[in-house]
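Below you'll find only one chain, the form predicted alone, shown as structure tokens.
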């Protein structure tokens, strides 16, 4: 176990499970960058602790932490959360971390390339070399065989149902700052071979002002096969309005890999969140990192939740829609306990949400 494979998951009979399937655990990375997270990342660390504790009620959590932050993280996290030393450039495990596949008996790692959402020209920071090693480190720690893919892909850029269907956006995955050397056909071939999907649904774009170039996980998410939650607004003046309408109309006209129409549940978006002068001043900006000036719109989303074993962990923003959203999700998923993370705004100020900072490790037989 733990070897680099030269085959593909598809030919080996492996597939990427849906997030709603059974997990063996969840992986996270500890925040510390002062140019990503304000006030030396201390408020963000509290938010990550809140998120990790919420998920740990449902499944095992492993937190990867740099050597210089190990003692700090260990002192803040409860003892039932595993803390391991793992260097990284930032804390977005969904995007730089591994994607896991299984075959009913075994789990393997798919290791995609990561370029900090755009590379040297449009990426959010440099370097990203340690982020790019995270999937390999996870595979080594877990004694898992690993596939290496010569294509840039972030976990937040795709949503799968585990039954052959993948939803993504052209804004992200076909962005010239990801894989300019690959054609649409070549990109689809890699997705099919390494995730074992049969049908790929391309939505044009993701959430407005998304600095990850339109990740799907801020727009829609599977809650079970054939069933989606979609971010929504009825306010025509909201910049997200046209994007939501466009996605809804396209998904209504689609069928998944098993020829099923989609059941789509509209989940109202929180109000737009704008960076305050105090929040912006708390960042220690350096050359080559993405600025977050006062007045910048950070598009929050309730769809960016994490599905744990028997649970749903949802980012909250101090918005009037927080409480109704939890009730709506609880009604949609009565088999799960819905839990809100009150410090969702703090994570969002760094550029992501709950789903963005987590990555599930499915069980070998996850169905």
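All values reported here derive from a predicted model rather than from experimental measurement. Positions refer to the first chain, counted from 1.
This next part talks about the form predicted in complex with another copy of the chain, which is not shown.
*Asks:* Though another copy of the chain is not shown, can you say which of 61, 308, 47, 41 has a heavy atom within 4.5 Å of it in the model of the complex?
*Replies:* Checked against the cut-off, the match is 61.
*Asks:* Among 74, 258, 265, 193, which has at least one heavy atom within 4.5 Å of another copy of the chain in the model of the complex?
*Replies:* Answer to the contact question: 74.
*Asks:* Determine whether any heavy atom of residue 364 comes within 4.5 Å of a heavy atom of another copy of the chain in the model of the complex, and answer yes or no.
*Replies:* It does not: once another copy of the chain is placed as it appears in the model of the complex, residue 364 has no heavy atom within 4.5 Å of it.
*Asks:* Verify the contact flag for residue 87: yes if a non-hydrogen atom of it lies within 4.5 Å of a non-hydrogen atom of another copy of the chain in the model of the complex, no if not.
*Replies:* Yes, contact at 4.5 Å.
*Asks:* Within 4.5 Å, heavy atoms only: does residue 186 come near another copy of the chain in the model of the complex?
*Replies:* Residue-level check for residue 186: no, no contact with another copy of the chain.
*Asks:* Would residue 83 count as a contact of another copy of the chain in the model of the complex, using a 4.5 angstroms cut-off between non-hydrogen atoms?
*Replies:* Flag for residue 83 set to yes.
*Asks:* What stretch, of 265 to 273, 106 to 114, 128 to 136, 290 to 298, brings heavy atoms to within 4.5 Å of another copy of the chain in the model of the complex?
*Replies:* Selected stretch: 128 to 136.
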